[in-house]
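So this first bit is one chain, no partners, the form predicted alone, shown in structure tokens.
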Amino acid sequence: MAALKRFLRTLFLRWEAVLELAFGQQNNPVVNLGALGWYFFWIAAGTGIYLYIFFDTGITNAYASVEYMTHDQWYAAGVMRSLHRYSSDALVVVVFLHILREFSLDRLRGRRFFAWITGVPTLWLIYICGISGYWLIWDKLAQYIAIATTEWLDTLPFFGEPIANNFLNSTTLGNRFFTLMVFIHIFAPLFLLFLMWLHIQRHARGRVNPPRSLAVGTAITLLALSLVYPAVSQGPADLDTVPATLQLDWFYLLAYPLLDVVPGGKLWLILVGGTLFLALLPWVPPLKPTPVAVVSLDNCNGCGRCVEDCPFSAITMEPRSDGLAFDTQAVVLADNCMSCGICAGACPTSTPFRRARELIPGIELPDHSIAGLREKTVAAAARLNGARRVVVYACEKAGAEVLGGPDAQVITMPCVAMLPPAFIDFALSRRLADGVMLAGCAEGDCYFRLGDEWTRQRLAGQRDPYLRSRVPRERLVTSWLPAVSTRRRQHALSQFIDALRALPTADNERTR
């Protein structure tokens, strides 16, 4: 399993690096797979509502109403039908890629299981929505799907009479059965939307919209595809004849040709077994538990910054329990905490300048303490002996360990947003280094979701805690890159060191 994850992770990271050259980091489609899934859902839902205005739910008139939309009103309803089809196909693609990518990046085990386990049933609902939609057109493809589906369902021991009998000939199929399919196709997306909402409930500020430029470009691409290659029907259904040739939508109908070679009952076992296997992946193998954030009430003033910055809604503010003169205190929800340390980076008491008493902030990770981070900073600075000395604070997932050497010492942490901005001031003002580099995951693709965004805002003075204005910005550089971009990371460090050579050394500044 670990080897498979490494293989897929390498593929995705390299694919991501290539697409970054074309789209940039922020608009990289690979980074925005989850948001694109929401985007395609809303396109499919919006166009579906428009199409329903002109759709005749009677079984004898359904095909005719779809043909009217496709040909007589091709400029509006016809385009909407094509957008509905292609956005639905795109939804399947991005959902599968999203699943594979999250699996490869190991974003499913431990306390992150909730998003995964709620995402698995969405697959079934997506297919129910799509396949039931093909029935409504009631062309030859719909006829094939209807007969194959009902015969497949009849292999289950749930029905008193074979439901495939409804499709023996044209006289056996009534409007009530067709109305049932309309009901399914309308209400299944509502259940799908509920599951999608549930899927992101443990994600604070869940990203459901792709960047504007990516959304516009995607919409233009879908529109162009709809105009150049519009979706059309495959002739009216006729239960008295068997369709000879059909064009399948392989995104939704991949399993149907298997029914010709695999017995229906066995195919059910394969699909149900595959679903159970997917659902159990967060515990195969189980992730070793990591210590969650702890609150020191003696140092917590109830400011709520940790709550604002937590990417996983793992902290709440509760009434004070220790009698101190503050209204609230931070409380960690252990089941939600991902041990990223971003809360420690947000705490105003996480300052390395504190010397009067022991450095214990209001909230921190017990195995990555702020006091320990200060000790690592001092120790790393002592090991520097290059012409220009750089301390690199790096995310453990960023692959920045390759930057270590006489000119640069790397200090890793779960997420670079765990670093309070005061540490940058500390390293530079105390002459521990000539420059500081922050190395994190690719922009918009933080392993802990919001670490890169919060760090950029803190450095820009847009989010507490701010980086002090006295800190010379020319001695600070950030590097947001995928873990596989080691050469680019090394090049960025080399450029930074070259830029530092044009500045006075820390020792020279001290004597001036």
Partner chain sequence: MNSLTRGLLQLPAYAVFAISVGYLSFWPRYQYAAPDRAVVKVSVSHATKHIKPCVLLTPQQIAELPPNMRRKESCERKRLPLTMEVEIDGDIMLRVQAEPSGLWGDGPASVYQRFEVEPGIHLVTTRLRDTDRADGWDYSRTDEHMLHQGRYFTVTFKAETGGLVYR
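Note that the structure is a prediction, hence the values are computed from the model and not measured. Residue numbers count along the first chain shown, from 1.
The discussion below concerns the form predicted together with the partner chain, not included here.
* To do: For the three residues T316, D327 and N385, verify that every one has a non-hydrogen atom within 4.5 Å of the partner chain in the model of the complex; reply yes or no.
  => The answer is no; none of T316, D327 and N385 reaches the partner chain.
* Of the options I360, L333, L287, A164, which one has a non-hydrogen atom that comes within 4.5 Å of the partner chain in the model of the complex? -> Comparing distances to the partner chain in the model of the complex, the residue within 4.5 Å is A164.
* **Proximity to the partner chain in the model of the complex, single hit among L281, V292, L267, L168 (heavy atom within 4.5 Å)** => Contact with the partner chain in the model of the complex is made by L168 alone.
* Per-stretch contact check against the partner chain in the model of the complex, the hit in 99-107, 215-223, 368-376, 71-79 (non-hydrogen atom, 4.5 angstroms) -> Stretch 215-223 is the one.
* If you check in the model of the complex, is Q143 within 4.5 Å of the partner chain, heavy atoms only? -> Residue-level check for Q143: yes, a contact with the partner chain.
* If you check in the model of the complex, is D260 within 4.5 Å of the partner chain, heavy atoms only? -> Heavy-atom contact with the partner chain at 4.5 Å: present for D260.
* Using the partner position in the model of the complex, report whether A231 sits within 4.5 Å of the partner chain, counting heavy atoms only. => Residue-level check for A231: yes, a contact with the partner chain.
* Look up in the model of the complex whether D89 has a non-hydrogen atom within 4.5 angstroms of the partner chain, and give yes or no. => Yes, D89 lies within 4.5 Å of the partner chain in the model of the complex.
* **Sequence-ordered residues of 1-27 touching the partner chain in the model of the complex, heavy atom within 4.5 Å** => Sequence-ordered list: L19, E20, L21, A22, F23, G24.
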